[in-house]
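This document opens with one chain alone, in structure tokens, the form predicted on its own.
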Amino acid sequence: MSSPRDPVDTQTISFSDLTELLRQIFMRHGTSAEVAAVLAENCASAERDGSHSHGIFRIKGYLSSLAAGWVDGQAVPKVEDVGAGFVRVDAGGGFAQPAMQAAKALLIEKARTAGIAILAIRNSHHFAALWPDVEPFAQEGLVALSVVNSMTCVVPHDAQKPLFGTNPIAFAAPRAGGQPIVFDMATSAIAHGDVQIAAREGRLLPPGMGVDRAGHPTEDPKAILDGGALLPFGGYKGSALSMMVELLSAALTGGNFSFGFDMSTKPGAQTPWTGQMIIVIDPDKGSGHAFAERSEELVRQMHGVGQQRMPGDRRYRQREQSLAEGIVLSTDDLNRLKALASA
């Protein structure tokens, strides 16, 4: 793709048309109709909201993993009701999002009944942004927290070699006066997809993001990708959170740790084969007060002390623009997608 400094021919496409185009691509490359629909909406939502490192940029990796036989695009998730507030899903070597979709109704029912419910997904591949997994719960008045581990690419604090994944954490909560409060953050200093985009565009990274293959600090994204590794954000603090994500996403669910699978056995494999945990809370069973109103009060106070932008605001602004004016893609990217849909 061209550098952002160069003029690029662009076209616009509606969210629904992009979703349908991506659905056709996934179907053409080996997924079931059900899996294709979930993945297409997830990927198109990221592109719509400006999360470019998890939008159409990821299509190549999805298709490469499918072609390698690393992930099962036809997998049918097996939902297990194992407790008053606990649901397990075996994703069957497929993607995590269809597994979550299969369990979503039961998870919400348990959360509303018990006040809290946990979803443990194992034997799953997660290759997308994490915020689309939690935002829908907040739109229904629930609080959601999700963690997912990834492939080994992050050096723990004070260690010498990578062990953890980027291991993101996503949180969503309803508010009375606006869109839900949503954040999605890697426990690494930068998301792996953002490193890939920087390498593609020929940009250097800020200091403190990663090391080269010799373990020396580097700002060159290509050096990080070529045998190097990422660092945790905030030193030991980010490293501790990344360890927590490994325990909750893998040890608790029965999924693989970030170091627990070998992608080299399937050339072309790119999707991490790990686990995911989601906690959903019915907040109004807490204090007895309207949680969304209390969230709104917190937002007002944050604005009052000078914080102008809330987590998720940029995405919501981009979403509104994309829905009104269309999603802007380079002509080359759009043509590539159309070719993949008809291949």
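Since the structure is predicted, the reported quantities are computational estimates derived from the model, not experimental observations. From 1 onward, residues are counted along the sequence shown.
In what follows, reference is made to the form predicted in complex with a further copy of the same chain, a form of this protein that is not presented.
- Of the heavy atoms in Lys161, some are within 4.5 Å of a further copy of the same chain in the predicted bound form.
- Heavy atoms of Ala68 never reach within 4.5 Å of a further copy of the same chain in the predicted bound form, leaving it off the interface.
- Put simply, Val82 is close to a further copy of the same chain in the predicted bound form: some heavy atom of it is within 4.5 Å.
- Proximity of Met263 to a further copy of the same chain in the predicted bound form: non-hydrogen atoms within 4.5 Å are absent; the residue sits far from the partner.
- Against a further copy of the same chain in the predicted bound form, the set Arg88, Glu246 and Gly306 is in full contact: each member has a heavy atom within 4.5 Å.
- Just one listed stretch, out of 22 to 30, 36 to 44, 275 to 283, 54 to 62, contacts a further copy of the same chain in the predicted bound form at the 4.5 Å heavy atom level, and that stretch is 275 to 283.
- Residue Gly238 is the only one of Gly193, Gly228, Gly238, Gly94 with a heavy atom lying within 4.5 Å of a further copy of the same chain in the predicted bound form.
- Contact annotation: of the candidates Ala128, Ile118, Val211, Ala138, the single residue with a non-hydrogen atom within 4.5 angstroms of a further copy of the same chain in the predicted bound form is Ile118.
- In the predicted bound form, the residues of 251 to 273 lying within 4.5 Å of a further copy of the same chain by at least one heavy atom are, in order, Ala251, Leu252, Thr253, Gly254, Gly255, Asn256, Phe257, Phe259.
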